[in-house]
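Below you will find one chain, with nothing else, as structure tokens; this is the form predicted alone, and questions on how it binds or moves follow later.
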Amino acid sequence: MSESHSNKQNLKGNQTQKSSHHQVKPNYGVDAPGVMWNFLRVGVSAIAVGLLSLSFNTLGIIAFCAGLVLCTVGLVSLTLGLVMVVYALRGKFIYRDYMLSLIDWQGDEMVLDVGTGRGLLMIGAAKRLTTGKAIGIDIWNDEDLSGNTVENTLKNVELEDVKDRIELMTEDVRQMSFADDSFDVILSTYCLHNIENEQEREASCLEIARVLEPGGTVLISDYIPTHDYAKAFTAAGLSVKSSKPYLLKAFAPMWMVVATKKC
């Protein structure tokens, strides 16, 4: 085999490897996958049974009403499931970019992403940093997000090429190990509602306020109204700028509270 032919084969092999690498994309998972699939299954099943009931005219008004009820329940459930699909595929990326655009980035910020999951917010913030650092914390529950593991998050970090600006930690937001006034920016999406106890959610907000740097900004988003979070931040001495819905930004139920810590 000639040297020229060998070089061509090596070049072709390298190009194939590069092409294969470029095809690998970050995977940020599906939020509450069990809930999403249940909505879809119930929706399809209820509509199918409802239509079947409506087709039996001989069964009378009771079957007709039952069919209407089942179709209505099925349509609502199917719609909710599809909303979750749209959010997973598109909405959360649009909303992430909007959320991060609310920060006047300098590049040297210390950022905390509470409930980082597979790193969507953390990585997005890291891309806006130069000398700063983004720390993501989670307790890694795959009921909250599909494939929610440190290993999967690190894969996304590698693919997004932000490894030098990232740190992952296993931490519970209700009792964080960070020192007071540690972070310039604190972010979170679809996390705090997983804390079922109301007093513990309030304690989480107080912890977030504790580790926020004076002059820093916190943005907490959730699928439930964030007014209670706003009250907790106010009680902690933060200045709340807004607490309102952003449904059209996320293509899904979404509220966000924005607050700053007084200098």
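This is a predicted model, so every value here is computed, not measured. Note that residue numbering follows the sequence shown and begins at 1.
Although it is not shown, the form predicted together with a small molecule is what the next lines describe.
Stretch 170-178 is the answer when you ask which of 157-165, 170-178, 102-110, 68-76 has residues with heavy atoms within 4.5 Å of the small molecule in the model of the complex. L120 is the sole member of M84, A134, L120, I186 with a non-hydrogen atom within 4.5 Å of the small molecule in the model of the complex. Annotated contacts: C205, A209 and V258 are all free of the small molecule in the model of the complex [non-hydrogen atom within 4.5 angstroms]. Not displayed here, the small molecule is kept clear of T130 by more than 4.5 Å at the level of heavy atoms in the model of the complex.
Although the partner is absent here, N148 sits close enough that one of its heavy atoms falls within 4.5 Å of the small molecule in the model of the complex. Among heavy atoms of I139, some come within 4.5 Å of the small molecule in the model of the complex. Within 4.5 Å of any heavy atom of the small molecule in the model of the complex lies no heavy atom of V35.
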